[in-house]
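What follows is a single chain, given as structure tokens, in the form predicted on its own.
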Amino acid sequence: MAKFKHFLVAAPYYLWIGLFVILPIGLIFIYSFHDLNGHFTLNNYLNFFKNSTYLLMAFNSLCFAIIITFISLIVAYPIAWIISKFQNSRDFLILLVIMPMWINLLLKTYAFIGIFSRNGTLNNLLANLGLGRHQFLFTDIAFILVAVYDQLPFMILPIYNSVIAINHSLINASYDLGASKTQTFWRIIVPLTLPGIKSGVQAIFIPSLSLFMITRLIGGNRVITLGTAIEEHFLSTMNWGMGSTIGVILIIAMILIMLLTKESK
């Protein structure tokens, strides 16, 4: 009887997961084995690994994801550490970190278009300083900066949770035993916050592999990733089979990344 009640309570969750997670992934997997005419084929996978264009997209996606994740980690770690030191205002500071997540991604992206455009805020500032106007929009740097801005809270929050959970007596013991601040950081603090780092890496690296809207609006056609390729195949060329194939490959890559960064028991 208890198991039946548990099933009834969990049934809506299982139904949601089945309809909006498992079923779409299953459909993508099925479509990946079909050509434009709906016939079964393996050519989609063969074309992906034989076509240098797709391999270059995969390489670009991987490089961008690594860069975005690395910069986010470098920026987020000290922010999380500083927030943890303000015991009386932690909640307010965390709220400031979370607030940008409430704004629609499209609106934030258009705001950056206004900042980076030829007549935007940044170029107007440089022009007033006598440094001239420069091309910031539709560049790799602009794309990376906007992606980092968008993903940063997902790195700060898990690291912050790990930092506030540290037993500071371990840090004091390290100092008492003669360890320097650098040694204490790398041998005590970093290992204790590693679960938060891994969670942040998962939360940023995986979505960064398939970014497409920011690549279109900020990077223009100069930033090409697998995410933009999927968008092209589903919305422009209508080659759902090839688009699904790229999606399946991304899903496999994401699963591998999750396995590599999972917490060891």
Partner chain sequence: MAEKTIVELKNINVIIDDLQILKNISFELETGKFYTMLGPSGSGKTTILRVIAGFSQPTSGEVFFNGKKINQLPPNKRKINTIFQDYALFPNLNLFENVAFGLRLQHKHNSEISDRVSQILDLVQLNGLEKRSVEELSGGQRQRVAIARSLVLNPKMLLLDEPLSALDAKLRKKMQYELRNLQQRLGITFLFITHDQEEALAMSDFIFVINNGEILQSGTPVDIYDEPINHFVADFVGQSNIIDGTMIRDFVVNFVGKTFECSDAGMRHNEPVEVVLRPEDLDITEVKKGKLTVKVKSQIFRGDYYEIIAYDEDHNKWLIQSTNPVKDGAIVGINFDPEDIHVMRFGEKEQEFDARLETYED
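Treat the numbers as computed from the prediction; the structure is a model and nothing was measured. Positions refer to the first chain, counted from 1.
There is another form of the same protein, the form predicted together with its partner chain; it is not shown, and what comes next is about it.
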Note: exactly one of A173, L126, I141, I74 sits with a heavy atom within 4.5 Å of its partner chain in the predicted bound form, namely A173
* Verify the flagged residues I156, S162 and I164 against its partner chain in the predicted bound form: is each one within 4.5 Å by a non-hydrogen atom? => no
Give a yes/no on whether H134 approaches its partner chain to within 4.5 Å in the predicted bound form, heavy atoms considered.
-> no
- Item | is_contact(R187, its partner chain) in the predicted bound form, heavy atom dist at most 4.5 Å | yes
Please check if P191 has a heavy atom lying within 4.5 Å of any heavy atom of its partner chain in the predicted bound form. yes
Even though its partner chain is not shown here, does G178 get within 4.5 Å of it in the predicted bound form, heavy atoms only?
yes
When its partner chain is considered in the predicted bound form, the residues of 131-152 having a heavy atom within 4.5 Å of it are none
